[in-house]
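The chain below stands alone, shown as structure tokens; this is the form predicted on its own.
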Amino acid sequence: MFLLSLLGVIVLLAFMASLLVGRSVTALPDLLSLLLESEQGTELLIFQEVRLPRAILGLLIGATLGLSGAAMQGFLRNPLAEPGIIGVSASASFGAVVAFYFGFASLFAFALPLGGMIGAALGVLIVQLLAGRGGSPLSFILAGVAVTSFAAALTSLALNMAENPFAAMEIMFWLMGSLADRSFDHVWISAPFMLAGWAILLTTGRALDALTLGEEAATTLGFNLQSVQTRLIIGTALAVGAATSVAGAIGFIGLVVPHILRRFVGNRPGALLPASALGGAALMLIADVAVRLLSPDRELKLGVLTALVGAPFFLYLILRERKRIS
């Protein structure tokens, strides 16, 4: 309970920082006075239409990545697993790229997120068909790797075949991941799917705790592992697919956050789920504030920053594992 309370405070502080930091930093008293004003000035409009939806999306997407990463690691019993392992991130990215490539994104505002969510749904469906109903965790991982590789190859093909270099550049920038220029339209279209995904993933907590004793023990305790796998796939597809469709590919949060928090919950996967959701939200909001402070004139892409931080952490995990084995 103390850990969740502490993480909740950190999330609240990071959310407030996200509201106050932009091209110009707003002091908290100034923000409060803006909210109390009866007239809507430019500064209040920027707060309501730019910073607030960006902060909300940062919270939702960070929580999604942290929660789904913890669920994936608990089910596969692999501390190196993360949400993209079942191909949902790559498939969502490809779906959005299709919307870019064929010009749907310029026809109506929701084409990009809808394309991403459709791509995520198709990718996860293919993974489920490849792994089979009684598939082992290994077949589940291999199917995810196959779908991820194929979706990445199709994305590269679309970039290679793009006739307009500006369109290719726009696709590349989107794939780097960012919360810039997002509005409440993106919140309304993605939030219901992310919240539905959370609700499904949180139901797997007790089963994940039982899985630490082994598959046979979990089955003996009355848990249907096929049902758990299906809920995990559907929940991850809904949440991560919606997150990727509005913000692009943002990596390593789903890998790093569960690793940092696991020791504080006694290595219990069920307890790690809500903690990782809060931790992911905090890390996402802090990273989004950092990109605005580090490069205010030409904002650094959020996915680039998380990769710069996450890759060394991943290397540290590999070296620690080698040391443990030797």
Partner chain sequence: MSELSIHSLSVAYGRRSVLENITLEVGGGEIVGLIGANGSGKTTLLKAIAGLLPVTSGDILIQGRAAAMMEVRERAKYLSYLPQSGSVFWDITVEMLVSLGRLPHQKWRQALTSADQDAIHAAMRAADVLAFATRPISQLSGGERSRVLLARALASNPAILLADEPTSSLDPGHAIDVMKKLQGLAHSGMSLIVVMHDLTLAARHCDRLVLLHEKKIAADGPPADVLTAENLAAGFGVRAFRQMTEEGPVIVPIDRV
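In this text the structure is predicted, and so the values were computed from the model without any measurement. Residue numbers count along the first chain shown, from 1.
What comes next is about the form predicted together with its partner chain, which is not displayed.
Asker: Only one of 244-252, 171-179, 156-164, 199-207 gets a heavy atom within 4.5 Å of its partner chain in the predicted bound form; which is it?
Answerer: After filtering at 4.5 Å, what remains is 199-207.
Asker: Answer for residue 214 alone: is it within 4.5 Å of its partner chain in the predicted bound form, judged on heavy atom distances?
Answerer: Heavy-atom contact with its partner chain at 4.5 Å: present for residue 214.
Asker: Is residue 123 near its partner chain? Define near as a heavy atom within 4.5 Å, in the predicted bound form.
Answerer: Residue-level check for residue 123: no, no contact with its partner chain.
Asker: Is residue 78 one of the residues lying within 4.5 Å of its partner chain in the predicted bound form, judged by heavy atom distances?
Answerer: Answer yes; at least one heavy atom of residue 78 falls within 4.5 Å of its partner chain in the predicted bound form.
Asker: Quick check on residue 129: any heavy atom within 4.5 Å of its partner chain in the predicted bound form?
Answerer: No.
Asker: Is its partner chain close enough to 48, 190 and 195 in the predicted bound form that each of the three has a heavy atom within 4.5 Å of it?
Answerer: Not one of the three qualifies.
Asker: Report the residue, out of 226, 106, 220, 136, that has at least one non-hydrogen atom within 4.5 angstroms of its partner chain in the predicted bound form.
Answerer: Exactly one residue meets the criterion: 220.
Asker: Scan 74, 119, 113, 84 and let me know which has any heavy atom within 4.5 Å of its partner chain in the predicted bound form.
Answerer: Looking at 74, 119, 113, 84 one by one, just 74 meets the 4.5 Å heavy-atom criterion.
Asker: Scan 268-285 and write down, in order along the chain, each residue with a heavy atom lying within 4.5 Å of its partner chain in the predicted bound form.
Answerer: If the 4.5 Å heavy-atom criterion is applied to its partner chain in the predicted bound form, 268-285 yields 268, 269.
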